[in-house]
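Heads up, the chain below is alone and in the form predicted on its own; it's given as structure tokens.
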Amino acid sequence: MGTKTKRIGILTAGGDSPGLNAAIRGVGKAALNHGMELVGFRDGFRGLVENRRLKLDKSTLAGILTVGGTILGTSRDKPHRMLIDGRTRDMTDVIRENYKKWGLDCLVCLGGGGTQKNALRLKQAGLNIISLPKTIDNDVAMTDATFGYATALDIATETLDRLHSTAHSHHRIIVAEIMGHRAGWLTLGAGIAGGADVILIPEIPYNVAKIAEAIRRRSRRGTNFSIVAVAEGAMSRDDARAFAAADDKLERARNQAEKKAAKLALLEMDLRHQGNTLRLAKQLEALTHLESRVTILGYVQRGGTPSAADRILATRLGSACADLIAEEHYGVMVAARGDGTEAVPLERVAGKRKIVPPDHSWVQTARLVGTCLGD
């Protein structure tokens, strides 16, 4: 009897990111070379629940390396909390049934931190799972890099480059909001590469007065403009203390009622924080007497053609994934490690976040060139 052909399922979950199609292609072409079959599921875990499939063969994979987004579509649906017919339901059993129904030997999940947690849940439910780390935030734990980050870094840096000319011409403070709710890798990298005068990241709570003084100091030296690169999750010291206290209250909650109240308080604080960049710009304008303008980069950072670096990274991780499947090495995330890859158990990844250490070399570099970090 011949060896059974392995059938691989693949999906993309969470936010879209440059390099997803390159990763799909990397997994697919390497899997086909191993003699495997590849089936894509549309719109993340929901497609697996609803049996919405796309056969991935050489013709389907052709030409997608340079294309942004994902040919499979994506969603933020979670297997254990999915909205079905107006009700939130645990669809893990349905996913397990469909996994068996389509004769899958492994399910490959491409996504960020939330996807790693969902991948672990499905592993614990008995499925053979391998995940790949994707996010422009670069905050997935246990990997040197995530695909999507390099492209977003290029886009954010180019935007700062362009903002310099208008800031200089009009003697303004330009406040550029860059994505990064909990981690500041993107803002820190773009701020250094784009020559920002102030860089504000979630890991280093800021003092508005110190930022204003740094800008006034530039004015006294004859430079009447400043570029402030601020992560969407950056916050003042007072706000950081309030969030920390609310988090601590949630941790110490003794019953469901207390947990619900603490979660609601955190949600309200999070909603109030959403306009933080605009408030910061107004505060700086009042303190420095310089006109300020806000540019919010938003989803432009996640779109478009992936950079060469992201194409290479996604292809490397994707092809390594196919090798692991051939070896029947499941329950892992394919991490970037130096010029190679490493299979990291999902238990070591799920629920963790890679944030910027306060003593990181990039932080030290920013300080040495005179960049204000708000502290």
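These figures come from a predicted structure and were not determined experimentally. Start at 1 and count along the sequence shown; that's the residue number.
One more form of this protein should be noted, the form predicted together with a small molecule, which is absent from this view; the next part is about it.
Quick one: find which of 280-288, 173-181, 247-255, 115-123 has residues within 4.5 Å of the small molecule in the predicted bound form by heavy atom distance. Single hit among the candidates: 173-181.
Which one of 218, 78, 273, 302 is close to the small molecule in the predicted bound form, taking close to mean a heavy atom within 4.5 Å? It is 302 that has a heavy atom within 4.5 Å of the partner.
Could you tell me which one of 229, 234, 132, 136 places a heavy atom within 4.5 Å of the small molecule in the predicted bound form? By the 4.5 Å heavy-atom cutoff, the listed residue in contact is 136.
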